[in-house]
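Consider the single chain below, provided in structure tokens and representing the form predicted alone.
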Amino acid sequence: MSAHWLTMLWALPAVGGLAALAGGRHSRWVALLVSAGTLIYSFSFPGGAVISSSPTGPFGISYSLACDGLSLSLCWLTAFLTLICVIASWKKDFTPGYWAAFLFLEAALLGVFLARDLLLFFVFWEAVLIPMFFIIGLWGMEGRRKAAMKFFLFTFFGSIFLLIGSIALVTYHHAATGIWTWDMAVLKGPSGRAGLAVFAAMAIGFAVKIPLVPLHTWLPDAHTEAPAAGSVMLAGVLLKMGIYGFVRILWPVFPQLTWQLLPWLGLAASINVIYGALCAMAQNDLKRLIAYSSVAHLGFCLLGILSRTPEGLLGGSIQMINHGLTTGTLFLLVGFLYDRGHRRGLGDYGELFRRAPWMTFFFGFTMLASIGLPGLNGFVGEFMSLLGMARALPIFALLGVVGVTLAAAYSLPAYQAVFWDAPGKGSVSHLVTDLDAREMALLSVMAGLMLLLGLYPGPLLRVMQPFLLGLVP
């Protein structure tokens, strides 16, 4: 397939972002049409590997793109959630820059998942920071500027390590072979202490984005202050970049070293699962609760990936998609609730089932999917991830099971407090109205996908399978 076809996938929202900037009061229509067109176009690619590249330039740099099952699945998720965010923001009086920022963000994310040249990957990786920084800093809540700066500094700090590790990796490859290349499919990491240093540098870059404890502290603040649609993209797609880096780069480039470090990496992922869940239990703010739940759920994804078993790799990868759907929906629901009551505290509401039965239903449905109820999408990824880790290191699978239990312990009481318990003093439940037709349509689509992937995940697993099974030793 010509490079132009793959280029169009990320270039379409990039050009659309420029059009939205110049669109004035029509910017939201530009964003809607472009995001819908990008989603439709993403489904035109086959599930197998599609590779394109340009001639190699100085120092082995090339404009190389590829689209296999894993990257295609994440491209679908990116395009879908971008469209959802545009529709969810439809009634807000945002400036053209807001709509343009989401299209630029979509373009950069698609570039990350399509790039196969390591330098091109890093360029797209860095480009993601810019629109998200402005989404948080310009259109967020009261503490938006501090949260945006913290987000940028943490992630830029990680990017410095990623760049240093990438340059060291390419330099080593040149010293060993005499060939300059940034091609991810060709690069192989050094062994010994040099390999450990390069691996650690790149792993830190990915760990900040996941984020792994203790590099996670930027995430709750960013989620709390971001607009609802910004939180959807942040949790739904941006956090997947770190997991994707482990699968796409660290496993293939450092297969032996990653396996040797599995006990330490598995411990880090398990800490995420337990620590994230415990922090979520201590939260009174719905947004911060969901933010910490993301820390825990991304630990499940990493546990599956690290197992390097067929079940674990497929489970961790499909869990990235499932987490994007469930957590994105929860942030949408919190945004709809905040639009009505202008508060997010668990004690600010009560007995909303009387005033907003449909909101009560969708919130409960999504909470159950998030904690992994069998029949819904969250169960598939968590079960396969834990099954894979049980084959590799059973102790970390056991810690994961504890995390599943804790997920119910923080999710269900929060749901009960907001929707079923009697309202307390100062409650704003009387301000809450039920979902309108637009909101109902959005949530129905999201809930339908959760149910579909819970009952019939086979087609998506088959799309991912060829690439992922190639990583199994």
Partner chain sequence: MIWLLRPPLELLQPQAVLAVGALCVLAAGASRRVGLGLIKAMAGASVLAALLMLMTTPFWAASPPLLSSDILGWAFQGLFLCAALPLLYLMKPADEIPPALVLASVLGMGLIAVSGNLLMLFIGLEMMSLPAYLLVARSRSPQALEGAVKYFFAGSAAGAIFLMGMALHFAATGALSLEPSTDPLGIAGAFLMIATALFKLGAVPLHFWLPDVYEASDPELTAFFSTGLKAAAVLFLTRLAPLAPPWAMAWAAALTILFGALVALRQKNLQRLLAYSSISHAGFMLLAVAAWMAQGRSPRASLAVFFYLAAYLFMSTGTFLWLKTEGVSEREEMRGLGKARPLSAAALAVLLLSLAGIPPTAGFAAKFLVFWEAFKAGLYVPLILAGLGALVSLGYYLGLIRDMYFEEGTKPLASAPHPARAVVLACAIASILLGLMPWL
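Computed from a prediction, not measured in an experiment: that's the story for all the values here. Residue numbers count along the first chain shown, from 1.
One more form of this protein, predicted together with the partner chain, exists but is not displayed; see below.
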ask   = Among the candidate residues F336, W76, F122, F94, which is the single one with a non-hydrogen atom no more than 4.5 Å from the partner chain in the predicted complex?
value = F122
note = None of A200, V186, I160, L267 but one has a heavy atom within 4.5 Å of the partner chain in the predicted complex; the exception is I160
task = Evaluate Y63 for contact with the partner chain in the predicted complex, applying a 4.5 angstroms cut-off between non-hydrogen atoms, and reply yes or no.
result = yes
inquiry  = Contact with the partner chain in the predicted complex for Y172, defined as at least one heavy atom pair within 4.5 Å: yes or no?
reply    = yes
4.5 Å heavy atom contact, W182 to the partner chain in the predicted complex = yes
query = Hey, in the predicted complex, does R145 get a heavy atom within 4.5 angstroms of the partner chain?
reply = yes
query = Any chance all of P58, G137 and I164 sit within 4.5 Å of the partner chain in the predicted complex, going by non-hydrogen atoms?
reply = yes
remark   = In contact with the partner chain in the predicted complex (heavy atoms, 4.5 Å), from 172 to 180, 99 to 107, 232 to 240, 328 to 336, is stretch 172 to 180
